[in-house]
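A single chain, nothing else alongside it, follows as structure tokens in the form predicted alone.
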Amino acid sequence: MFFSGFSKLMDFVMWKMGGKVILLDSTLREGEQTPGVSFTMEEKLEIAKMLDDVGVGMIEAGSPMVSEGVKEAVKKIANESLRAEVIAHVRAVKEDVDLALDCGVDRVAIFMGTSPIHRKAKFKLSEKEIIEKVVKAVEYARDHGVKVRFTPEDATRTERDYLVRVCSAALEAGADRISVADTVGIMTPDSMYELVSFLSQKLSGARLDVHCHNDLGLAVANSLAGMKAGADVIHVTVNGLGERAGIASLSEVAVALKVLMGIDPGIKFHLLTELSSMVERYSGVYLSPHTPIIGTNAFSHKAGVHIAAVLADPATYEAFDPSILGRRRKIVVDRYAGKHAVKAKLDELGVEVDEEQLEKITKKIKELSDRKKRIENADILAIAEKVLGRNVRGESPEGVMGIVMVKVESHVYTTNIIRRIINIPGVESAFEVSGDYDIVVYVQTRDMSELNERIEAIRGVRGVERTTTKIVLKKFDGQNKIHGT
């Protein structure tokens, strides 16, 4: 049901406030609940400002009852005069609401577990007692002049009739929004669509959010299904951070809305990669290259038949133009590459060849790829020189080896940094070490200019604090032979 009927979907989009959907970012609340993640005050402020620049409509700044530091961060963010609505996330407890009010936020988001397992195991309260606590907290917050959202935690495992009763009570008490929380990520797009449709009908006039966890990898799909069914706010985090497997990713939801549904979520797409990198650096949680939208491989093409088609028309193997994000497609040349890919790479490197030469170069690249894990531009140029019988790179001095000592930021896992550094061309090996520096990297290059490029690439790795480089003057092997460099 969810993945079909696009004509009906577009009719729905025209009806929904002219396609208006708001993205609520919870990186500073849900995202900080990721194991191992703890943002500093300065980092939180920087992330909040960047989220505002990117264009999210709401920012969940944190839960002020967690600690004095979190409360202070929420207060500072609320006082930044951001365009986005700033929200504090609290329990259905008067003291928590007071902390949120003291922060000066635009909205208080009150949550309370409503499913049978939460009522019995977590609270040991009856259905009636749960409703009473919710109503008191909502009324108290509204009496103090702030907007209120009520979140029935574990809504997707709550009995339908009770879910309607507790949400209706919250709305009558003054809440203007209900957040449908798929707390353990058990929904499918069809079941999420059905639930939100049901609540849209039963809670007449209520504005609905969806908060979808990614335990089964369906958070983005479920979020879009909930939006299609009537919700106009989707909860996201940068890089999909959050408890366990996290929640829906900001970049994935934003691009899917635009590309698949024709809805403009008000996001500056060209800033998404920069925002992702910032949060990677501050969280210490690094993305897989395969991550959709913002992963390093998201627009890379390797198979020969794919590349030939992409060079003819990118739409053959791309769902959308990467320029939306300010990115470019990458052609990977190795044993899978055909003549089209090799020709495109040679054109990029400024090397002209005829058909016969192209055939020979392609064959030798495939032969080298069977022996070498990664084919670099230098390898391609060396092969081209051998086939063409002439220098295509200009004069190069003898090779230069550098030993680069790397200091890693204290909150970042050293192993994550090494994984990125060893993929930089020219890096021969890298070691985790003790002492003043965390990593030692051996880099082999053709000349000083190339070494400087590699050093800058290492410095550019997110999480690297500083580097110191030594140039190798002489190298001794196991037989005490001396090699000049």
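Numbering starts at 1 and follows the sequence shown. Given the structure is predicted, the values throughout are model-derived calculations rather than measurements.
Another form, the form predicted in complex with ligand HCA, is not on view; read the next lines as being about it.
89 is the sole member of 177, 301, 228, 89 with a non-hydrogen atom lying within 4.5 angstroms of ligand HCA in the model of the complex. For the residues 85, 334, 153, 215, the 4.5 Å heavy atom test against ligand HCA in the model of the complex is passed only by 153. Listed stretches are 352-360, 179-187, 132-140, 316-324; the contact stretch with ligand HCA in the model of the complex is 179-187, by a heavy atom cutoff of 4.5 Å.
Among heavy atoms of residue 111, some come within 4.5 Å of ligand HCA in the model of the complex. Under a 4.5 angstroms non-hydrogen atom cutoff, ligand HCA in the model of the complex lacks residue 454 among its neighbouring residues.
Among residues of the shown chain, residue 33 is one whose heavy atoms approach ligand HCA to within 4.5 Å in the model of the complex. Taking the partner from the other structure, ligand HCA in the model of the complex has a heavy atom within 4.5 Å of a heavy atom of residue 149.
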